[in-house]
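Just one chain follows, in the form predicted on its own, and it is written as structure tokens.
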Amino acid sequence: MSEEKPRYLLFLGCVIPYRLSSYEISARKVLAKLGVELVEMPEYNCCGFPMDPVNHDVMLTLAARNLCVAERENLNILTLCNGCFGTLCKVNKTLKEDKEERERINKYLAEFGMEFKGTIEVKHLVYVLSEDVGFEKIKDAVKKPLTSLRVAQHTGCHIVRPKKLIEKDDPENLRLLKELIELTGAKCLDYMDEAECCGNPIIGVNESIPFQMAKEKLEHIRAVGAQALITVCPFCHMMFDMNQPRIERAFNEKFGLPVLHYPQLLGLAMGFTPEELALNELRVKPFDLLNEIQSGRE
């Protein structure tokens, strides 16, 4: 009997389709190769995360509407975005466990002909890979191990915090993404303050503080000799990749550190070409990294 493929409704959110198509492209490639079937999510809206500080009920209703769409399709959600995952996961758990809150939000949803029932789950890419695909299958899919590479990881906040809600990894001693990285053959290096936030959540209010936070992170990563930083969050990726030239100018520094989405790293180890994984879309071009990979294989 053939093994049933994991099937997920893909929730892309707002940022990835408009600003980080490289994350979507590489994730689709590796998930398809690993036997994960992605179903396009119809009529989805923003997860609600940006609205929480302004209007909590609007955030809850936006998130709940997405959950209702998934319930209608009878499929669990897979999201690539940490913020989307954190919001949808939190609202899903809250409405499942709090009858009064569920009834209150369902009154809003009734205006759209919807009702939250609590029949689906929400998973981030990291948890689909580790729990549903499994380490052994990922390891078997690696055809060109990246054994010459030394990299660092940045997990981000919302897929591990708050711990009492997520209950999957230790926010102060992050292991899961490191283990996924090391399946590619690359060595994942520890560095100072690696569990700290990237700073991006407040960049719209104050640039100097997040730039300082990101600069210190980049310094700590450089200090251990990492050749690249690996992310699984679009906002963190933008902070370290898109904003890296601005950080360099602000502090008269030069880092030149490539920042790869995890599926790009995994895709290289699986044998996909840099073009297939959209590495050309990265702001900090990974030419030296690709040369190192090529040299390590010769």
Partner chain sequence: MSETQEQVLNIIKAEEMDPKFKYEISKIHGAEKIMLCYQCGTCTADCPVSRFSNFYRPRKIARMIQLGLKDRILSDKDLWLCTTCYTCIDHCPQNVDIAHVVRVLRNLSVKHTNSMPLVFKELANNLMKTGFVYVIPESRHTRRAQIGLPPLPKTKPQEIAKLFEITGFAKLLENVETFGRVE
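Positions refer to the first chain, counted from 1. In this text the structure is predicted, and so the values were computed from the model without any measurement.
Note that the form predicted in complex with its partner chain isn't included here; everything after this is about it.
In short, of 146 to 154, 160 to 168, 181 to 189, 221 to 229 it is 160 to 168 that has heavy atoms within 4.5 Å of its partner chain in the predicted bound form.
Scanning Ala250, Met242, Met270, Cys46 against its partner chain in the predicted bound form with a 4.5 Å heavy atom cut-off leaves one residue, Cys46. The contact residue chosen from Ile203, Leu174, Ala141, Val133 relative to its partner chain in the predicted bound form is Ile203, the criterion being a non-hydrogen atom within 4.5 angstroms. Using a 4.5 angstroms threshold between heavy atoms, Tyr262 stays clear of its partner chain in the predicted bound form.
In the predicted bound form, its partner chain lies farther than 4.5 Å from every heavy atom of Lys33. Using a 4.5 angstroms limit between non-hydrogen atoms, Arg283 is distant from its partner chain in the predicted bound form. Under a 4.5 angstroms non-hydrogen atom cutoff, its partner chain in the predicted bound form has Glu111 among its neighbouring residues. Contact annotation for 234 to 273: a single residue, Phe235, has a non-hydrogen atom within 4.5 angstroms of its partner chain in the predicted bound form.
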